[in-house]
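Below you'll find only one chain, the form predicted on its own, shown as structure tokens.
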Amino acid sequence: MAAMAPPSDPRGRPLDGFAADTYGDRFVDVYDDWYPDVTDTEACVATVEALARDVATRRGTEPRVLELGVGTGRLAIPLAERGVHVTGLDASPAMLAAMAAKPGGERVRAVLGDMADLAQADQRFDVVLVAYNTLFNLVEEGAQQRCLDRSGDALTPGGLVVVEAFVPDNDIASGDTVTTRQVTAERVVLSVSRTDADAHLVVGQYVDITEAGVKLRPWQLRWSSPEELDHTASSAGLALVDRWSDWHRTPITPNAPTHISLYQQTTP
């Protein structure tokens, strides 16, 4: 009998069966507990408000912000409470429901949609915010380009696309990793990931084990360097106008682990 061929190597490919709403639906019940401090929320909200108000004041209107991948409203709700008109777009109905259930969630205009296309973003905004690596969650070919294309189209004259992302190390290596995220008497959470450095792609699962059973929480991202992101933005008709290492507007340095990049339409 002929030997069976080994399964194809999944490196360089997104996770099979991973849809636009998969991340949100699988993480919604733990997101606020697991990621309460992924960024400086207070500084981010204050800075985005200031940017939006500056653009809106020049037009004599109230500031409008569109947050892509709004999730449970960690940034959108406090922004709205400051008097900013906030639209939050997310592909996960569960995430939008969690935001709506929070105090102040009713202040955010929630839109269900894929941030790669922004088909439902029927307004124009002073700031389009893509916070904390959210752009990298778009892993399909051309998805990040489409997102920046549509984001530029959604801007008011003089508006800004603001992207927060990590700066990838030059020595990221391909390979498989299993680590422990949490161990208690009631729960074990393992992190299993596979990295393809050539494709700039990492796919993974949090394996969440309790006495009630096992829950899989899949995730994936395709990273870009700041320079690669600038190229993608340029192809979308957007030019870099400023870049900081944090939300306090600290000037970027060669060793900064994150960057906040501000892009503006080249032909408003």
Ligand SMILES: C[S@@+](CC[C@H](N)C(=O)[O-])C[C@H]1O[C@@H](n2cnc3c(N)ncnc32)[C@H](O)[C@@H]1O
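Throughout, we count residues from 1 along the sequence that is shown. Everything numeric in this text was worked out from a predicted model, so none of it was measured.
A second form of this protein, the form predicted in complex with the named molecule, is not displayed here; the remarks below concern that form.
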ask   = Is there any non-hydrogen atom of His85 lying within 4.5 Å of the named molecule in the predicted bound form?
value = no
request  = Considering only heavy atoms, tell me if Gly159 and the named molecule come within 4.5 Å of each other in the predicted bound form.
outcome  = no
inquiry  = So, Leu79 and the named molecule: in the predicted bound form, are they within 4.5 Å at any heavy atom pair?
reply    = no
Exercise: Gly69 in contact with the named molecule in the predicted bound form, heavy atom 4.5 Å = yes
request  = Sort through 149-157, 187-195, 169-177, 127-135 and report the only stretch with a non-hydrogen atom within 4.5 Å of the named molecule in the predicted bound form.
outcome  = 127-135
ask   = Heavy atom within 4.5 Å of the named molecule in the predicted bound form: which residues of 39-59 qualify?
value = none
